[in-house]
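Take a look at this one chain, the form predicted on its own, written out in structure tokens.
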């Protein structure tokens, strides 16, 4: 399966839409997008993973790398995810303590006071 990526900015929050599988073959595309967004001054990222079917350690590494990049600019990288099989990966690795994980884009925006 392929990986589909899209992004949009609402206020100061850049929402990255991810669909498909994030694995050793597709993760470099997500990494490139996150690096490009940060290089263009987007330091508050929300990665919507609701349509992600699979996530491996390479994908986790890309997300952690993205988090490090935005934090270097006092930014944030948070996630939207309600799929139990994906959430389990974050719990097992302890990354639920590192990433803010929300049930919806709207919930994440409200948490940051960035309503439409």
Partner chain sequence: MATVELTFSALPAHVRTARLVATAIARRTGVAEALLDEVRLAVGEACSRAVEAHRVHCPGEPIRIELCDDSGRFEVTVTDSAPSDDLEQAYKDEEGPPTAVNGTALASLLPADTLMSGFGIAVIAALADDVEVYPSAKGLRIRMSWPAHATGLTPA
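Residue numbers count along the first chain shown, from 1. Everything quoted here is computed from the prediction, not taken from an experiment.
Heads up, the form predicted in complex with the partner chain isn't pictured, but that's what we're talking about next.
Taken together, the three residues 35, 67 and 75 all stay farther than 4.5 Å from the partner chain in the predicted bound form, as judged by their closest heavy atom. Contact between residue 58 and the partner chain in the predicted bound form is found at the 4.5 Å heavy atom cutoff. Contact check for residue 40: every heavy atom lies farther than 4.5 Å from the partner chain in the predicted bound form. Shown alone here, residue 24 lies within 4.5 Å of the partner chain in the predicted bound form, counting heavy atoms only.
Contact between residue 71 and the partner chain in the predicted bound form is not found at the 4.5 Å heavy atom cutoff.
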